[in-house]
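So this first bit is one chain, no partners, the form predicted on its own, shown in C-alpha cells.
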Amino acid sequence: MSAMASLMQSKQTRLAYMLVMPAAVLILVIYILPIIIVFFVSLTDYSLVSDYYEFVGMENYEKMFSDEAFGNALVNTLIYAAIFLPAAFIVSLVLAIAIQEQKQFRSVLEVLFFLPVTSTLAAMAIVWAALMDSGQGVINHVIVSIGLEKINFLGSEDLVLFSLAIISLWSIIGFNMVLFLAGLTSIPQNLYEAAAIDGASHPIDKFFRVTWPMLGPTTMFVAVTTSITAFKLFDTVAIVTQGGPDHASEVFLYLAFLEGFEYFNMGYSSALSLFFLCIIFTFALVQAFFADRNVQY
C-alpha cells in the first residue's frame, strides 16, 4: 500500500513540474536571461556603432560614480519620487473614501476617475504639454484671467519636476483609487459598529482605529507598485521635456536611454540599467519588509 502511495505521489510531483515548466521557461527567457545578458554587456565597452568591443570589467561602474550626469539624474529621480509618492498615495485614498460614501452615481465616479488609466500616456503627455504651454496653454490663460502671472510649468528648472509629477498623478490616481476601494469594500461593517460602541464614532476615529489597520495589505501593495512607477519615469520626460531645461528633468531612465541610443555607449547604459534595477529592487524589498510587519491580514 505504501509503495502504491509513493508511486502516486511521484506521478503527482512529475505532473506538477510539467505544469510549472512552461511558466518557468517563459520567466527565464523574458526576465532572467535578458538581465544576465545586460550584466555581461555592462562589463564591456560595447557600442552600437562598432562591431569590436573589449572586456573592461568594472570600469563602467567606476565611471558611473564619477559622472556628474549620473549624480544629477539620481537626484532628479529622488526629488520626483518624493513629490509623486505621497501625493499618489494620499489623493487616491481620499478619493476612494469619498466615493465609497456616495450612495448615488458611485459607478459613474469610479469610471470617470479610472479613465486616465485606460488612456495612452504618450498621447496624453502631448495634450498635457499643450495645456501647460507657457504661451498658449489653457492653464496659463485661466491663471492670467484671474489676475495672476503666467507660470512656466515645463520651462522652469524649479517647476518642471512638479509639472511632470502632476501628469503622472493624473494617470495613476484612478488605478490606486480602485485598489483602495476594493480594500475598503472588504472591511466588515461590524468592526465599525464595535468601534462606535467603544466610543469611536467620529469619522477620524473610525479611520485610524478600523479603516487604516484593515487596509494594511492593500496599502502595502499600493505603496510598492506606486514606488516602482515613480522610479521608472521615462516616457513623459522623453516626449515633453527631453531632459530640459538644462538637464533639470533628466531622470535616471532617460539618462540610460541617452547613453545607449543617443551616444551609443551600450556598455555604460547597461551598467546604468542594472544599477537602476538594484535601486528599485532594494527600495521595494525594504518597503515591503517594514510594511508587512505592521499589516493585519
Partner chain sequence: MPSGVPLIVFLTGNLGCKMAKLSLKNIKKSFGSTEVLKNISLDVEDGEFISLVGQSGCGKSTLLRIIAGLEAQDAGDILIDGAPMNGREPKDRNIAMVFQDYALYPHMSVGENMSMPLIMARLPMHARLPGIRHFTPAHRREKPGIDADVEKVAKQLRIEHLLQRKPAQLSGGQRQRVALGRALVRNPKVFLMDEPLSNLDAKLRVEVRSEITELHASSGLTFIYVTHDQTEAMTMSDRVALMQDGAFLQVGAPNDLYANPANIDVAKFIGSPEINMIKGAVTSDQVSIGNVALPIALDAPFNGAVQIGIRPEAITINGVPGLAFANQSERTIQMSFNKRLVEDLGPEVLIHGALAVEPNRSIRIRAQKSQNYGERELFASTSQLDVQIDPSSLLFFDPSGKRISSKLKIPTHNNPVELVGAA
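Residue numbers count along the first chain shown, from 1. Predicted model only: the values in this text are computed from it and were never measured.
One more form of this protein, predicted together with the partner chain, exists but is not displayed; see below.
Enquirer: Please identify, from 89 to 97, 212 to 220, 74 to 82, 151 to 159, the stretch that has a heavy atom within 4.5 Å of the partner chain in the model of the complex.
Expert: Among the listed stretches, the partner-contacting one is 212 to 220.
Enquirer: Using a 4.5 angstroms cut-off on non-hydrogen atoms, would residue 200 count as touching the partner chain in the model of the complex?
Expert: Residue 200: yes, in contact with the partner chain in the model of the complex.
Enquirer: For residue 104, is any heavy atom within 4.5 Å of the partner chain in the model of the complex, or not?
Expert: Residue 104: no, not in contact with the partner chain in the model of the complex.
Enquirer: Residue 114: heavy atom within 4.5 Å of the partner chain in the model of the complex?
Expert: No, residue 114 stays farther than 4.5 Å from the partner chain in the model of the complex.
Enquirer: With a 4.5 Å heavy atom cut-off, would you call residue 204 a contact of the partner chain in the model of the complex?
Expert: Yes, residue 204 is a contact residue.
Enquirer: Within 4.5 Å, heavy atoms only, which of 136, 190, 185, 145 is in contact with the partner chain in the model of the complex?
Expert: Comparing distances to the partner chain in the model of the complex, the residue within 4.5 Å is 190.
Enquirer: If you check 108, 196, 166, 122 against the partner chain in the model of the complex, which one has a heavy atom within 4.5 Å?
Expert: Contact residue from the list: 196.
Enquirer: Could you list which residues of 13 to 42 come within 4.5 Å of the partner chain in the model of the complex, counting heavy atoms only?
Expert: Stretch hits: zero.
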